[in-house]
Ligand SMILES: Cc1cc2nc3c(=O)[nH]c(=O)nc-3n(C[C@H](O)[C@H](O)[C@H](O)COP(=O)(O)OP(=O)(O)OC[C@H]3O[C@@H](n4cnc5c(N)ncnc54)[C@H](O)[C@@H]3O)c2cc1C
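One chain follows as structure tokens, the form predicted on its own.
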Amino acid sequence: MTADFRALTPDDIAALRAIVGETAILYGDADRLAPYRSDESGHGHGANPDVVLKPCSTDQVSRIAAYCNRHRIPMTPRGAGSGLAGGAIPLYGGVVLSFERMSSILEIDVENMVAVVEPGVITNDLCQRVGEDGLFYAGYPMSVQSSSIGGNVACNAGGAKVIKYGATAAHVLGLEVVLASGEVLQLGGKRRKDSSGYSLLRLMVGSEGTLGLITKITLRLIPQPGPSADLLVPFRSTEDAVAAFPKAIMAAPDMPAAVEFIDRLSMCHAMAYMGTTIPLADNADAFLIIQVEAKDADALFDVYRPVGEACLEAGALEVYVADTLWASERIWGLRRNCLEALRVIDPTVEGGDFVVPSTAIPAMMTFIRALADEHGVEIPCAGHVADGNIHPHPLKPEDRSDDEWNGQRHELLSRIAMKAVEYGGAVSGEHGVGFLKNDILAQSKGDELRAMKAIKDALDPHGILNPGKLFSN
């Protein structure tokens, strides 16, 4: 794999324009190219593409890939740009391949309970569309309203409901993938099982555009779940909150759809951002949000009652039940806006997304707080406690220069991630590695990383697909 790429020439631009058409290419206009230089990973991270291409078909993607492979031109695939690890940033310039025009829901197959979509479909659009047929797409992340399906697949995105329904990979039945050579692979399909050799389908999910370009996705759907209720549960300590959630799960007649964790710092910033308050906010050090589902409204009370009782027995200060859309939105609004609230305080804020066995979360939180005290910083944390995935967000102190803080922040997130690895976890649970964590990935993986590189070299020998991501080219 090499980073010895060739600069684009006027002849290259003419050839690429001939593939996508005059209206689907951006070149030579800094203002129009600017939105494609960064993602949501934080201010200060960005790189200028030489050209942005907006293909509208698999054939166009295949021809672009073949051309770039032949001429050693780097390509960075881009979905909605909502990633948090720098995965869509064109570190080596070259071509940004934007899938914004490939945004059609191609088929809703009610009988087989699958959806076939293009990668640029916004996740919430799919959720709403399948709901019209009484179906449910359960693989959506917290960024449901802004992320694209292709980006979710590329990062194997998770979310609040992984505990019950699984991450994106659990819902991907088939992919159409264009390799660096331009060859098109059809992987999987509408079938639910396949033991026919290596699972190239699973290999592509979570590969962050480094192995192939996803042009079509077949997703598993399920029947629309029944009504839900949300419990907001404050605890005096993180240890109490983490100890309570397994008991709450065991007490539930059915697996809760979500169990979220918010620490006191995150909750205080979220309340200030939203201009709201919740009871006992000053007395609690940690909060759980537990969502349960029932087959019908009459059964809902019998589902959430034992969950709430188990929390109280485990030391909860109180259990607040939201069983209306308005009340639930108030609770989930606080959780969804944690990051936006922190960006008001520190526009450059970056976060980690380590994952550990859930029983290790109290030890991880103790480590994070000690690290915060050592460096004199705040590190608010929130995340998906039931699957062990927590997001720490170090906030820049006023007494640190930008250059000084950039180094310190990376050190803090690296130490947190490596501590998670010590506890049997991993450096990323759902955001992906991108380039912000590729050095941490290298520290945490040995023979496994060498095997990954061998696969990368086999499928993309010139290293043109999303260079600088996962591995340092």
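A residue's number is simply how far along the shown sequence it sits, counting from 1. The shown structure was predicted, so the numbers you read here are calculated from the model rather than taken from an experiment.
What comes next is about the form predicted together with the named molecule, which does not appear here.
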Are all three of M142, N152 and L213 close to the named molecule in the predicted complex, meaning a heavy atom of each within 4.5 Å? yes
In contact with the named molecule in the predicted complex (heavy atoms, 4.5 Å), from 240-248, 189-197, 143-151, 222-230, is stretch 143-151
State the residue from G351, G94, G159, G388 whose non-hydrogen atoms include one within 4.5 Å of the named molecule in the predicted complex. G159
Of C381, A80, I361, C311, the only residue with a heavy atom within 4.5 Å of the named molecule in the predicted complex is A80
D50 versus the named molecule, in the predicted complex: is there a non-hydrogen atom within 4.5 Å? no
Could you confirm whether F99 comes within 4.5 Å of the named molecule in the predicted complex, counting heavy atoms only? yes
I'd like to know whether P119 contacts the named molecule in the predicted complex, with contact meaning heavy atoms within 4.5 angstroms. yes
Please determine whether G87 contacts the named molecule in the predicted complex, using a 4.5 Å cut-off between heavy atoms. yes
